[in-house]
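A single chain comes next, written as structure tokens; it is the form predicted on its own.
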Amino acid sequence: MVETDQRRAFALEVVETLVDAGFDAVWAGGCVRDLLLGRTPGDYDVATDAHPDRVREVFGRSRTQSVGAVFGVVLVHGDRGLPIEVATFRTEGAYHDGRHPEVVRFVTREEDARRRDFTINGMFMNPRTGEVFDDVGGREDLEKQVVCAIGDPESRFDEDKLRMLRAIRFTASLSFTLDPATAKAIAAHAEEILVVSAERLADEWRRMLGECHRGQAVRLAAETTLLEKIFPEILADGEDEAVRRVDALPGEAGFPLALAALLLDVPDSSETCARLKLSNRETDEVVWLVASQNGLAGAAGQRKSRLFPLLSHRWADQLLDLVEAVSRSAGRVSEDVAWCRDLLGRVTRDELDPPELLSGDDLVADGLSPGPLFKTLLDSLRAAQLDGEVQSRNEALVLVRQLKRKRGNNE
């Protein structure tokens, strides 16, 4: 909260400094929307009629950084390192790649509003007086709780294909409805979403699936056919089930867990993660969750050697949430999850994941040369340890020697 207050105070200071220097300056876009909704903005953006060079002159070169020269965007740094993005009012020409305009012109505040994506994001505010400048009908749409493209929706999406996903995200996160004409335009242009880079697509999905209204986001993506374009591996007859699984997750579920729920029936989730260029950590979590989805079945009757490695895993809580969501989406209560959670409340970490009795060095000291047999022996020993068949180092050595002899006889 302290950082949020500091960011707001600095954003006000930036506006006041520009106004004192003789320029028009206002808060713009999402922060205005959030303030009108009674929400605390995460960021504050400033828009001004000052050209980028003048912005840098006002605040000084050492405190500013040009981060989008062609778009007239300058980053202004405060004393506490809190950056505020300052953009010159602009309009944009034709988009050559569905993301970047060929021409940018600096214009008036009114013209700048009309080039933005959605009406609820096209408003400006004078932070000193609270006066709102709305030339696109944003306040009315906030009252109606609708996400609507500014002007012709097909033109807005032709300019920037990513806006199609952003429309879904805003609608879901705000619990609004999607304007029918805007939704129709998304469906008509859904195939073009693939023009957007994998990194940008993944970032939008991180934000959508990381929010508590993720189920509505996936549902809207399915209704507008964006889901099948971005995730063709999710078969059409499995979309409804995928939506229900995602919707059944707890509100605090993170992106990898939600993506695993979405991809639960996909043969190879790693291919999807690779296509979206997810991080190694995200990929590992998604793949592990999908691969482990049936691991808790019949938990009460399972051997410890099969169950305990899952329950001691770093993503065990996410696995429990995933299995529970699958059951809840089908209208059932998961007895396996309930049993596992009860167990976790009764056992210690050392019982779930006790220190290993032997290491690879111990096998070498016992006369075994390093090789593929190492893993087989250590895995067998670990299973025996968890199942209570061996409880000491000496018992472990005896078992290893027995396994070596048995393997030698079989070979």
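For every residue, the number given is its place in the sequence shown, counted from 1. What you are looking at is a predicted structure, and each value in this text was computed from that prediction instead of being measured.
The same protein also exists as the form predicted together with a small molecule; that form is not shown, yet it is the one meant from here on.
**Q** For the interface check, one of 228-236, 156-164, 302-310, 321-329 should have non-hydrogen atoms within 4.5 Å of the small molecule in the model of the complex; which one?
**A** It is the stretch 156-164.
**Q** Please tell me whether the candidate spot formed by Asp45, Arg116 and Arg207 is one where all three residues come within 4.5 Å of the small molecule in the model of the complex (heavy atoms).
**A** Yes, because Asp45, Arg116 and Arg207 each have a heavy atom that approaches the small molecule to within 4.5 Å in the model of the complex.
**Q** Taking any heavy atom pair closer than or equal to 4.5 Å as contact, tell me whether Phe255 reaches the small molecule in the model of the complex.
**A** Judged by the heavy-atom cut-off of 4.5 Å, Phe255 is well away from the small molecule in the model of the complex.
**Q** Using heavy atoms and a 4.5 Å limit, would one call Asn121 a contact residue for the small molecule in the model of the complex?
**A** Judged by the heavy-atom cut-off of 4.5 Å, Asn121 is in contact with the small molecule in the model of the complex.
**Q** Should Phe170 be counted as a contact of the small molecule in the model of the complex, where contact means heavy atoms within 4.5 Å?
**A** So Phe170 counts as contacting the small molecule.
**Q** Is it the case that Pro52, even though its partner is missing from this view, gets within 4.5 Å of the small molecule in the model of the complex, heavy atoms only?
**A** It does not: once the small molecule is placed as it appears in the model of the complex, Pro52 has no heavy atom within 4.5 Å of it.
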